[in-house]
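Following this are structure 1 and structure 2, which are two forms of one protein chain, each written alone as structure tokens.
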Structure 1
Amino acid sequence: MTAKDRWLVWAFLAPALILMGVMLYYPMVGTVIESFYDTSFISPEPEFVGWAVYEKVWNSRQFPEVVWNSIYWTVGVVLLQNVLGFFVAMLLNQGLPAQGLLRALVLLPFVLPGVVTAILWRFMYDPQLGLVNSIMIRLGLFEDNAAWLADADTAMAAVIFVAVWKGFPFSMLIYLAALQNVDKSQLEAATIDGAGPWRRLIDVTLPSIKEVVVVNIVLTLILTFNYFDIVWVMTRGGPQNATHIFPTRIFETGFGQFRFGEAAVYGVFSILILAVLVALYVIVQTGASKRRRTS
């Protein structure tokens, strides 16, 4: 490549690089700088305090709660979303009648905006008029109405259920595409050798799509950890901070309490965790590409 060609390449890349710098990297650097300044509603003028804000957040009661809630939320949603998505994909890969219609119906939760989904399920979880309590009581599982979103013991599980309901079609689509590329001759050979459905799944199907499974898990980890809409609209981090995760804590601390320095500290921790997840995703993708080239 000549010097002129290299300049041409950089000229074409420049608009995208400038846009990424303005929209992505500049706010990230600004967040790091903001984390060294202390502000409040009473004292809105930023005051440089160095690492004091980090120490304040690290030693606060809220920080371990946010960390634990974020782990609980992310692992719960990712695990259930991937398991449910995989088994629905397996079901839709069987050539069922009206398969096109079934796939369209399964995709409906995914295409709903997060805010609409949260408002819909808030009504369904309503202690007096909600459909969830009505069904539970009719089935004999509950005797009285439960305040799902107002009880610290059930709020996170209720929100996770909604996130899984909305997100599993995403995993289902990825797994369905992968299952359709599994070598049919290997499945037929396993059937002839006497392998049942479970053995075919363990010995043939999963090894054939393991790279897709790993990539999808890492991708959904990134998306779930950084998700905001459903948790905020349904619970605003409550009750008693039981559902506060990093995005909701950042929003409430910064725009609700005007403590932008503390919000920036939470943002820095969030960026570090996301950077690890993104690096893991890149490593997995790079490894998968190398294996495909060598195979």
Structure 2
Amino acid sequence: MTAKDRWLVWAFLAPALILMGVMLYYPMVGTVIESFYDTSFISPEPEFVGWAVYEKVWNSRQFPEVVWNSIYWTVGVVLLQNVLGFFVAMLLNQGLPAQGLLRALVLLPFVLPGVVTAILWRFMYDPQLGLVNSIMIRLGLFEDNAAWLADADTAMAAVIFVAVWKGFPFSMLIYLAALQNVDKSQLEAATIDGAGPWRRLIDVTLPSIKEVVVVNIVLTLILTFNYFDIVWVMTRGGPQNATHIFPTRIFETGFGQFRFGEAAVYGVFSILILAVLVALYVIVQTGASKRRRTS
């Protein structure tokens, strides 16, 4: 494309940009507008009510539950997924036999459809027929049949475990690519200086992939916060709302109870939380590219 083809630049961009504008950016504004409207028994048509729905949601018993669950869920998944992803990437970067095959196999959960993952693990967790309790009993860890998903104390941890099982391959892939770019001569120099594997990890490897780690963590924070399918299919937010996070609460309020105003208020709160995370991402990213330019 040359300068005189300016029309072509815009002709190529137009379909994608218009579609994203109408289907992604407009609905962001639409959700905010929606949150100021409510439907009542007297008038089924949406009616402007100002901050009334916000007050109702803010003072409800569910709201603090959803906030707390979302924090528990997001922090749990992101932490475990990144730690596991990182160590598996280290393991698959040691030049051991069969690691190409193993890398391909490790990616399997990542490709497995979310609903299938959820159904499979519902079954794995089944108190009587599931493999989890079978293994626990055989290993002598449990005497009775624990109902992982039906118990409000264990349900969230059980769902987090599944999300980590499905999500760690993605983090692993990105860490593996970063590890393969670590300067080999620096690692060798450290070895000659007598550094063991832990020292090499802390002194050489981690500093040189620091940026990828931070970007990866913020990215998985955003993706995890938006998660819907596994949680919904495994627990529908239960038992006793113990696994209701923002996306499941929005779906249930909006499409289960058709209270669009309330659902939109939850949507606005989740947009605000995400805005903070995205701002964090932008700060980290621009910091990283600035350092890259100066170094």
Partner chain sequence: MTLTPSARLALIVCQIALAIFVLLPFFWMLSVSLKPATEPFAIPARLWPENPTLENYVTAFRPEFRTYFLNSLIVSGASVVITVTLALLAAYSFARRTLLILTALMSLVVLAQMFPHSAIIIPIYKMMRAADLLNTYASLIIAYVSVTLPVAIWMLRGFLLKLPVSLEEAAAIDGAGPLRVFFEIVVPLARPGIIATAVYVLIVTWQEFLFALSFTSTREMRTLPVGLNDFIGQYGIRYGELMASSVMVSLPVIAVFFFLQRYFVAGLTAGAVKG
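Counting starts at 1 with the first residue of structure 1 and goes up one by one along its sequence. Definition used throughout: the rigid core is the maximal C-alpha set that superposes within 1.5 Å between two forms. Remember, predicted model here, so these are calculated numbers, not experimental data.
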Answer check: the form predicted in complex with the partner chain matches structure 2
Core fit, then Val22 C-alpha moves 2 Å or more between structures 1 and 2 | no
May I ask for the C-alpha shift of Phe12 between structures 1 and 2, in Å, based on superposition of the rigid core?
-> 4.6
